[in-house]
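Next up: a single chain in structure tokens, the form predicted on its own.
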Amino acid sequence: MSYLDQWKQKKNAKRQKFYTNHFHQTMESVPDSPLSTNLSENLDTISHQLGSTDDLVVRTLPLPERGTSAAVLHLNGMVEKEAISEFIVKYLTTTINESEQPAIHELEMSRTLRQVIRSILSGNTILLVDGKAEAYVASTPGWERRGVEEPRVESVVRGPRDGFTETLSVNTALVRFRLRDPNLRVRHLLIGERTQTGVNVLYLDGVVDPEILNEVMRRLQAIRIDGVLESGYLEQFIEDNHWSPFPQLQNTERPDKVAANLLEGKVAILVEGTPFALIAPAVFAQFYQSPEDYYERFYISVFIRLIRLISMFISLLLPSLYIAFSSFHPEMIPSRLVIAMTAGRSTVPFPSIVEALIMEVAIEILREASVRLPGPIGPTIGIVGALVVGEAAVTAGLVSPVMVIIVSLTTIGSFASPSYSTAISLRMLRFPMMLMAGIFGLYGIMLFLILILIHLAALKSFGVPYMSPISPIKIRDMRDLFVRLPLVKMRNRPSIYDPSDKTRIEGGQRP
């Protein structure tokens, strides 16, 4: 073993020791001891473990007909109080038969203190009876939750209008509504030592590649963090390359998109508290594809997809090309256009690279400001601000009219991307691309493009090459790449994910 390997091994051991010592002071610090038969002792122990928090509701009820007493425990604001009063309290005060149980769904038994504490923190109601060393755990969730609404980020012209919410059970049900397959499997995990965030891993047994599934589960189970508040936490932990600007997992708020990717042999990750699901593995091609590409006829989908590709290149390259042509290669521009550009730049005191950077930074500031402003005001401020700033900059002679057109087309092109993660990656890469164009001209642009392609070709997502099916080349999978063939011609699932069941359409015959 080399010195570097020994150093990494010692570092990992120290990190694991820190996590073990630190996180054992949270849920692991609660004793996994059995409950007592004494009600008062159980109540004191539970209150102590929760730090005598003021939102712990303890309701003690005498049971004279049984010669004992009981207590109902829950956290205020996390349960449905009507259900507790109607079913649990009514059961305690009217039912005599010991064999009967409260008429409430998902009733379980807990016999250890740790299970009871975990259930209370999860929003369940606990029923303790004096003389019994066990607790009833009733599922009575009642916290405020958002209903199913239309997706706000991934809107489509044609397609379903329901999107994920912040409730894990609702999101799982939305996927099951579309995939009524007995082979749809759900694995539940709790990640976050303090938040205990529920995570559901969905896949189609018999379709997904077992190696991909095992790798996803291994990375999720290896996460050691105090809290998970959004699916982006998990994405940053389980992605292959933490330094890449490109997303290596796809996030979506559309249940139909998750169902479609499960049918291709991928794995979906749903996280409690966020409407965005993660899809793994991910390749670059799927980030400019939209669900409505498969809902419209194929030639309409091909046209729209090509428009998105052109927009992607405009978003990345247009300012850099303007800088390179105007500064280094004016002979490549038509003569009349050169004269018009020169006349427009006659009052501009800056070189084209500074001019472009000023406008791009101003547009990015306006874009970020429009997002942070209240809903009705944000889009208006963004549009009006861009018009006012652009017109004022041209009038003041700070930028040329052509530069305003270039920046406007670039901004519009970035909006055409169906994936926000990919669009913002290209926005980030636009700035070093402009610097390379300002220093080396077209040679700098080509050099930076080659570096990007080398990085993309070396990138992987859970063992799947990021540039598949281009590199390595898969001719059969190119039926749904730049163009999409008719559905009757797409008989097989993409081979890049190595699905166990490769056939999607039996025979591929038109009905």
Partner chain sequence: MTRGWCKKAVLLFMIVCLAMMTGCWDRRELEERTFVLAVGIDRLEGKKEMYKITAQIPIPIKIAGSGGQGGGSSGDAVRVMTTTGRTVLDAMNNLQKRLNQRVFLGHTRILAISEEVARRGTKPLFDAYRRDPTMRRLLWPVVVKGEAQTLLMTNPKLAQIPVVYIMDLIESGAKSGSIPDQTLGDFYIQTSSKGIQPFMNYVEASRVDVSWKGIAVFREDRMVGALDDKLSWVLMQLRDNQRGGDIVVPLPGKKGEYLTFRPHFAETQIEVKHNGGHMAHYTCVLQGDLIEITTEPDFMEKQNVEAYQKIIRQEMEKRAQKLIGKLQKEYRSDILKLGLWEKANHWDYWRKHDWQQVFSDFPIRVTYDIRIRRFGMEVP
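These numbers come from a predicted model, not from an experiment. Residue numbers count along the first chain shown, from 1.
There is also a form predicted together with its partner chain; it is not shown, and the following applies to it.
Looking at residue 327, you'd find a heavy atom of it within 4.5 angstroms of its partner chain in the predicted bound form. Among heavy atoms of residue 436, some come within 4.5 Å of its partner chain in the predicted bound form. Contact annotation for residue 451: at least one heavy atom lies within 4.5 Å of its partner chain in the predicted bound form. In the predicted bound form, its partner chain stays beyond 4.5 Å of every heavy atom belonging to residue 78. Checking 353, 225, 366, 263 for any heavy atom within 4.5 Å of its partner chain in the predicted bound form turns up a single hit: 353. This chain appears without its partner; in the predicted bound form, the one residue of 361, 186, 153, 343 with a heavy atom within 4.5 Å of its partner chain is 343. Heavy atoms within 4.5 Å of its partner chain in the predicted bound form map, among the stretches 70 to 78, 331 to 339, 226 to 234, 266 to 274, onto 331 to 339 alone.
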